[in-house]
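Only one chain is given next, in structure tokens, and it is the form predicted alone.
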Amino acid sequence: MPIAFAELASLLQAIFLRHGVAPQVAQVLAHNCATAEQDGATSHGVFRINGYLATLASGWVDGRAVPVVEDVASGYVAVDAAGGFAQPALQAARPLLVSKARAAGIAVLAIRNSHHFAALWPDVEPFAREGLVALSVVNSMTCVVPQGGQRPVFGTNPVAFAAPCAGAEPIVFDMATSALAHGDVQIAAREGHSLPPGSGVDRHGQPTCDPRAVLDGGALLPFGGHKGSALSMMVELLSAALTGGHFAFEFDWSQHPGAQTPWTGQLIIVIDPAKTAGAPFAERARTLVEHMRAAGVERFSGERRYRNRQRAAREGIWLEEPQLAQLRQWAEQQ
């Protein structure tokens, strides 16, 4: 069944409010989740709501936390998310971060004591729409074996990048440094699909294409062997060591059955390309894209999301009837 974006966002906000989340936090999380669903990123859309609710019910995350923004230096902003979600922390710090980036040409936002359970590209795309360049990294729970290791140490540890492009939508990508996103493994297990070879190992460290084996004591592998492993290590250092957040292996949620959101950290770097010399950055980005197209590239990062977004604007966001019924039931629960 189709549902309009605004209606879906309102429904999700009602769900969060019914389950004790503060109004401002509920609005941010609902918009983020509806955006992912609208853009076809189903592994980070309404599929995640059950995990949000289970985590909230477990007491693991504070849905009413008020982030504390710290003006650390001329190009540095820090936020203590106070055990709450990362997106409200980003929203609280965003005006100061943009102001510093405009003034100094570059600024860093370090979020700690935070939970991130969503797609990463919605965190950076809005900056590109303001003519800025943004790069973000966030670590997650331990579920990835480093190259040459025997047990998981890293999270899926995604990297997201966004840049303006003249006459076109922003250039945006969001990729896990693991072979697959953890949400994609969960969906594959639910739908009975196999994983591509080289994606993960079972609880005995043996290669497997069975998503259930990966989830049942197994682990994912980094993409590209040692290259992905090195990038994942970089993400741990930037998002945990630099921000004051937890490494993927440093938090213990064993006393909170049902908890699913990793309690870690996030780093965002924002650059104002207006401070650079030469031709405008967005024009240069367009030149690069045109040459890539001339070389035979047919689809660029983010283009599928933009097409899905346009389709959703025309037709609504399509959800299975049982899925929509479940959302409405959650919204009505006392």
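What you see is a predicted model, and the numbers here were worked out from it, not measured in a lab. Residue positions are given as counts along the sequence shown, with the first one as 1.
Missing here is the form predicted in complex with another copy of the chain; even so, the following discussion is about that form.
**Q** Answer yes or no: in the predicted bound form, does another copy of the chain come within 4.5 Å of a heavy atom in every one of Pro273, Leu288 and Val297?
**A** Contact check passed for all of Pro273, Leu288 and Val297.
**Q** Counting only non-hydrogen atoms, which stretch in 115 to 123, 73 to 81, 86 to 94, 193 to 201 is within 4.5 Å of another copy of the chain in the predicted bound form?
**A** It is 73 to 81 that comes within 4.5 Å of the partner.
**Q** In the predicted bound form, is there a heavy atom of another copy of the chain that lies within 4.5 Å of any heavy atom of Glu250, even though the partner is absent here?
**A** Answer yes; at least one heavy atom of Glu250 falls within 4.5 Å of another copy of the chain in the predicted bound form.
**Q** Give a yes/no on whether Ile269 approaches another copy of the chain to within 4.5 Å in the predicted bound form, heavy atoms considered.
**A** Yes, Ile269 is a contact residue.
**Q** Taking another copy of the chain as it sits in the predicted bound form, is Arg304 in contact with it (heavy atom to heavy atom, 4.5 Å or less)?
**A** Contact with another copy of the chain, no.
**Q** I'd like to know whether His246 contacts another copy of the chain in the predicted bound form, with contact meaning heavy atoms within 4.5 angstroms.
**A** His246 belongs to the contact set for another copy of the chain.
**Q** In the predicted bound form, which of the listed residues (Ala168, Cys209, Ile187, Leu237) lies with a heavy atom within 4.5 Å of another copy of the chain?
**A** Filtering the options by heavy-atom distance leaves Leu237.
**Q** Which residue among Ala259, Met175, Val98, Leu215 has a heavy atom within 4.5 angstroms of another copy of the chain in the predicted bound form?
**A** It is Met175.
**Q** Note that another copy of the chain is not shown here; using its position in the predicted bound form, name the residues of 218 to 237 with a heavy atom within 4.5 Å of it, in sequence order.
**A** Residues within 4.5 Å: Phe223, Gly224, Lys227, Gly228, Ala230, Leu231, Met233, Met234, Glu236, Leu237.
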